[in-house]
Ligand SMILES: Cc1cc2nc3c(=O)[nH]c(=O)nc-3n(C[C@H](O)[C@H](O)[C@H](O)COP(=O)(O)OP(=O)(O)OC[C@H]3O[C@@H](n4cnc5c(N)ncnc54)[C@H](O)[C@@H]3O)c2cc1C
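The data below hold one chain only, encoded as structure tokens and taken in the form predicted on its own.
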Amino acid sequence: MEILNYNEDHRRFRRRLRAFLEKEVEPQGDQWRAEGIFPKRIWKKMGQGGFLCPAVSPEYGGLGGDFLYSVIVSEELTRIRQNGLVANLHSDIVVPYIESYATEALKKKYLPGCVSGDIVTAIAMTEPDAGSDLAGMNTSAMEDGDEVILDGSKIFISNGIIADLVIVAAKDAGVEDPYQAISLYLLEDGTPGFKRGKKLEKMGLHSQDTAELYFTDCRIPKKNRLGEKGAGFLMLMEKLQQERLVCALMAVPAAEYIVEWTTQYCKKTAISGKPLSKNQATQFALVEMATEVKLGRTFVERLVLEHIAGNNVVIETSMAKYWTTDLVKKVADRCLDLIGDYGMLEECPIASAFRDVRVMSIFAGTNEIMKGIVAKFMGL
């Protein structure tokens, strides 16, 4: 039963992307995980192939495609277990802020580079003492003539080391209401007063760089503000539907990969002369997981259609985000049980998958926050 109707352009795009990833990315995966960072030259090759920011208008160099292109990118990157190349973060979470809220001058300045891969983006919201509480952030923005002075720090910023352009959320000085004080600013690499901290060593996602960022008397042009002053909180809320849908789109194919790999392993691995897959307990576990993953894909694909249609599915995407990311953690854990001793070896792909998926329930708002959002709309 096909829910998403891919046309020939979509299918051609998938074939080109798969061939590119198999040639340029997959063979180097282990090396980049060991080095702890994904090389920028691959970002540029992704851009040259037309695989970054496919939704951006041709006016700025993009394909002008629909959200199905983003679904394809997410699935194909997951298929080769390349979590370091966070193309969806760049293309579907960060760049849409520029598309939606930047002035025409800023769009012309930055969007072509985002599409080509010459500009890698990041978004800086989380702070050491604020976490998911945006209203509690301390990074400040003080106007000084035609400039804005940023002071503060951010932490756990994906692409923090390699980013050429960072969207920084900061509180405008002198505004008491925290929800009306947040503005978003575009900050270029190399700006005086902008420093990157150390690359953070994580339990998973080893080829994806995560860093601390510091701003000390960091002056940027006032014209680099996105939208109106104080509208940052509303902008962030408006973009959360797509961000959380992207999370679900990462979780579902990851769960599918884990179940499929484990199923094949159980078919070819024998204990006491009989394949593991002939054990009834193993069969039941695999069937249960395959069923839940199928349910997750069906739910998420329906939401993709609703999202493409422009419908408000904030509640449903919050449900999907928490349910699918909890599911992929559960699947990874259960599959390691089925695999047994081999699952403890680094050469087993489910070992790294187990570590990689653990953070999915945390980013883009923890799953507890997702449940709180749904509960509020249920009138609880």
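All values reported here derive from a predicted model rather than from experimental measurement. Start at 1 with the first residue shown and count on from there.
Missing here is the form predicted together with this ligand; even so, the following discussion is about that form.
*Asks:* Although this ligand is absent from this view, report whether V168 comes within 4.5 Å of it in the predicted complex, heavy atoms only.
*Replies:* No.
*Asks:* Taking this ligand as it sits in the predicted complex, is E24 near enough to touch it, meaning that at least one heavy atom pair lies within 4.5 angstroms?
*Replies:* Close contact is absent here: in the predicted complex, E24 is far from this ligand, nothing within 4.5 Å, heavy atoms only.
*Asks:* With the partner left out of view, is L17 within 4.5 angstroms of this ligand in the predicted complex by any non-hydrogen atom?
*Replies:* Because no heavy atom of L17 falls inside 4.5 Å of this ligand in the predicted complex, the answer is no.
*Asks:* Wondering, does S158 line up within 4.5 Å of this ligand in the predicted complex on heavy atoms?
*Replies:* Because a heavy atom of S158 falls inside 4.5 Å of this ligand in the predicted complex, the answer is yes.
*Asks:* Among T263, T210, S140, T191, which has any heavy atom within 4.5 Å of this ligand in the predicted complex?
*Replies:* Among T263, T210, S140, T191, a heavy atom within 4.5 Å of this ligand in the predicted complex occurs only for T210.
*Asks:* Which residue among M250, V304, M125, I220 has a heavy atom within 4.5 angstroms of this ligand in the predicted complex?
*Replies:* Only one listed residue qualifies here, and that residue is M125.
*Asks:* Whether K202, F363 and I369 jointly form a contact site for this ligand in the predicted complex is the question; each needs a heavy atom within 4.5 Å.
*Replies:* All three within 4.5 Å in the predicted complex.
*Asks:* Just one of 223-231, 144-152, 252-260, 116-124 has residues with a heavy atom within 4.5 Å of this ligand in the predicted complex, so point it out.
*Replies:* Of the options, only 116-124 has residues within 4.5 Å of the partner.
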